[in-house]
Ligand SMILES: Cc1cc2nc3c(=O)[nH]c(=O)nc-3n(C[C@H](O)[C@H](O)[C@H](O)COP(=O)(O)OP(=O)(O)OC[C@H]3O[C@@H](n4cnc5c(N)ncnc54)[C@H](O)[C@@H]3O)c2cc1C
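Single chain ahead, written as structure tokens, the form predicted alone.
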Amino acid sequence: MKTVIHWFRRDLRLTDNTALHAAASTGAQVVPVYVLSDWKKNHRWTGPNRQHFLCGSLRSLDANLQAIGSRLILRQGDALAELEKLAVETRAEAIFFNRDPDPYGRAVEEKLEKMGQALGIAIKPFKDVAIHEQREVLTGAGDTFRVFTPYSKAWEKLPKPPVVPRIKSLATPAGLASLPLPDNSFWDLPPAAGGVLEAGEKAARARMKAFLDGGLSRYGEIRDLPAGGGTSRLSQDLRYGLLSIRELHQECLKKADSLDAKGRGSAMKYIAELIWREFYMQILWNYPEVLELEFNPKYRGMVWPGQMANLERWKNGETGFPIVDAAMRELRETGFMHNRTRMIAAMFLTKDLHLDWRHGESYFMQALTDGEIASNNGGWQWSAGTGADAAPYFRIQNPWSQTKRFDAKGVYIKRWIPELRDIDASKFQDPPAPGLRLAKGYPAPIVDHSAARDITLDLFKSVLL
């Protein structure tokens, strides 16, 4: 019987997995493999929370594969080298995989294509991570979009790829060596935060169902309230491919059709967030330099004059700005941060503390369970005023007024900052008098927002001269 390989990457599911479905449709034996990375202790793009979630997702995937007659083969090391060894070992005739939007993954794919040519093995890449890829959504002149709204309108007009069936059975060769399923100690990492969500395809599908049945119809009303639980909480599931973006989009449209006008409007707002995800992916696909440089060339080389000591206070949730500190403590304790407070915390680091956005981008990627390179970079550059479709440099969020708008009763702040639980929530909406603290044991604000805002305006104006 012929043999092919399916290389799992960020598609750790059996439902609507395009490359896996194509591999299974060949009628050959399929070797499902995941290649574990061999770095230790520190990594630019990940950390304990995401690796913990990955480990749980791999355990779930292995169990799901065993239930249909297969099993997950784990190898460790350089992905290209390990795939070559496995292909030789199994006499595989093809390697199937889903394409990666990130430049590092794409570089491996290019090398894999050359390896396949050298070995006489067919290399079969598929679209899966995004509904529309690198050069599918273009302007009338054939250029890529740099602004979200026209991109989203063009995106919506394109036909959408179909959902493919769940894999029901899979024949895999016996006797293949495999490493044991890992935990965080595999990378010499500490345990994850206690609030990391349950991993795996089953848990992800349960979250999707709960959101479609309840949260989607109210998303537009409560999505900006960090204490309200109004988000889908599916971002980590999309990051690791426990859910298919095609199926999620399709199910949202189906549900929208059954809702009243207000509910349908909410569903459309959520779908717009899915399009933002693809907008940032196509930015990264077409402008990979954004991982090192400002998207807007006018701001490249800009020097951020902030004090590095304040970076640690920001990370630890000790800035004296309650909404910022609550966000940073939520991140530390759960591996998650609400999107509204991500914007507040990011803009505070750049526009109030005047620290380079790359410091915050890196920390978020290491702390978040749902860290997506494209979205994280896009969000940080938006907040800093340097990115695609970015907030203008003079749009500077005031943490005190943001609190009044989105956490007026202090529910979110008090949840994450025990020092402030007995304080009247109205006191979180304006800075305390100079030299005073909101509560014993809680720091005074480390900067004056109004003064910091003026410094930011002067900084950007000097660059634009």
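Here the structure is a predicted model, which is why all the values come from computation and not from measurement. All residue numbers are counted from 1 along the displayed sequence.
Below, we turn to the form predicted together with this ligand, even though it does not appear here.
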message: I need the one stretch from 251 to 259, 338 to 346, 298 to 306, 172 to 180 whose residues put non-hydrogen atoms within 4.5 angstroms of this ligand in the predicted complex.
response: 338 to 346
query: Though this ligand is not shown, can you say which of Leu368, Val290, Leu353, Met208 has a heavy atom within 4.5 Å of it in the predicted complex?
result: Leu368
- line: None of Phe96, Tyr240, Tyr270, Tyr151 but one has a heavy atom within 4.5 Å of this ligand in the predicted complex; the exception is Tyr270
query: Taking heavy atoms and a 4.5 Å cut-off, does Gln282 contact this ligand in the predicted complex?
result: no
task: Please check if Arg71 has a heavy atom lying within 4.5 Å of any heavy atom of this ligand in the predicted complex.
output: no
message: Residue-level question: is Arg233 within 4.5 Å of this ligand in the predicted complex, judged on heavy atoms?
response: yes
message: Test of understanding: in the predicted complex, would Gly116 fall inside 4.5 Å of this ligand by heavy atoms?
response: no
- prompt: With the partner left out here, if you bring back this ligand in the predicted complex, are Leu274, Glu372 and Gly379 all within 4.5 Å of it by some heavy atom?
  reply: yes
